[in-house]
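For reference, the chain that follows is the form predicted alone, supplied as structure tokens.
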Amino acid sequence: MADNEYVVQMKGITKVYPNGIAANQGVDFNVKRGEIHALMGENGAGKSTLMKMLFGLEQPTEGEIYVNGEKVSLTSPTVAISKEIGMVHQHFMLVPNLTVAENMVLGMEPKHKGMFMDYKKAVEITEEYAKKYNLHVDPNAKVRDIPVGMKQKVEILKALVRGAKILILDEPTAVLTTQETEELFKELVHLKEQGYTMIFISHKLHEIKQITDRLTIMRSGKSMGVYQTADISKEEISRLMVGRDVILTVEKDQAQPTDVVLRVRDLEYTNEWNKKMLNKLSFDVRKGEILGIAGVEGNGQRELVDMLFNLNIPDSGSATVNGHSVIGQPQRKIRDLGVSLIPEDRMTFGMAGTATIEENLMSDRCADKNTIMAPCLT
């Protein structure tokens, strides 16, 4: 039976994948109407899998889901949307070449003369919802040209346009500046005041304490309990997430760097949409130091990494490791110089999901004198 106190109830949810991995094990997850409820846990704790089942992207092996007191079978995102559930993904699901208005109505386009998309109507819909929810966007701007903070607003508005009253926000501040995060929080509180319910997935303890009403903590596919956010400390949240006490401050000795090992000079790159991503970028990295590169997503960090590992070629400039150029060099040669890459998108670029751990570990270590990469597993 459903409890009318909750707008979402997930009871005894278990998800076992065909390879035997149990992502969720008997999880109960309940959300009250009109609250901002945090879902917390380390990577691999099972939070994303749980939310994918609530949005119809995955199906539970066992368990029941109730929405607004009704037992439901969420077999697809379309079904979830029909139950007033929307999801704002960590990696935006927007089409860069389309305008904000076109993205807003994608899949539900208003028609002109029964055949063509009514673009004027799409703009009107975008402006109406932007004003209603205080999420101001430019309907006519191409998504590729707008800042990350506005892309976040477009994603939220897309869900609201489709009738969502329950919003799943997956790491919504991961790519935002502090100022953009504060603005987003004001907008989320505004939505809450209008009766909307939000599930907020995040690792950032100070944000959880600031914005949420209650929180559920997950570890190793199981729920570690539900808590009033105001009644639990950051230290206790961390301990429940990882199973041990966590030191929240980093103590380290003063770095004593020596020779320059990576030298970057005047890197320039203009992307396919004629946007300048790198503009005479220069810096040095010395042996024995950690160099941080800070910036909101979309400001050239990914392009810089691509240049250093021959995933792309700059328009001009140089990059050397111990005096050897890495621009345009085979990745095998770059690795031989002692350079490795841990990509931001590990699932697409960092591993082969269908291969074994052994095969993944060996994949960049197979070569002979006649080929760059040759099979070495039999």
Ligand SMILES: Nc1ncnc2c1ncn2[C@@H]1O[C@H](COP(=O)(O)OP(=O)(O)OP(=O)(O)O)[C@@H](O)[C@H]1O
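A quick note: this is a predicted structure, and the numbers were derived from the prediction, not measured. Sequential numbering from 1, following the sequence displayed.
Another form, the form predicted together with the ligand, is not on view; read the next lines as being about it.
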Check your understanding: Taking 23, 43 and 47 as the candidate spot, are all three within 4.5 angstroms of the ligand in the predicted complex by heavy atoms?
Key -> yes
Check your understanding: Among 47-55, 28-36, 305-313, 319-327, which stretch has residues whose heavy atoms lie within 4.5 Å of the ligand in the predicted complex?
Key -> 47-55
Revision key, fill the gap. None of 214, 286, 222, 203 but one has a heavy atom within 4.5 Å of the ligand in the predicted complex; the exception is 203
**Study point:** Residue among 127, 171, 109, 183 with a heavy atom within 4.5 Å of the ligand in the predicted complex
**Key:** 171
Review point. Would residue 352 sit within 4.5 Å of the ligand in the predicted complex, counting heavy atoms only?
Key: no
Practice item. Indicate whether residue 347 is a 4.5 Å heavy atom neighbour of the ligand in the predicted complex. Key: yes
Review point. Taking the ligand in the predicted complex, which residues of 132-170 have any heavy atom within 4.5 Å of it?
Key: none
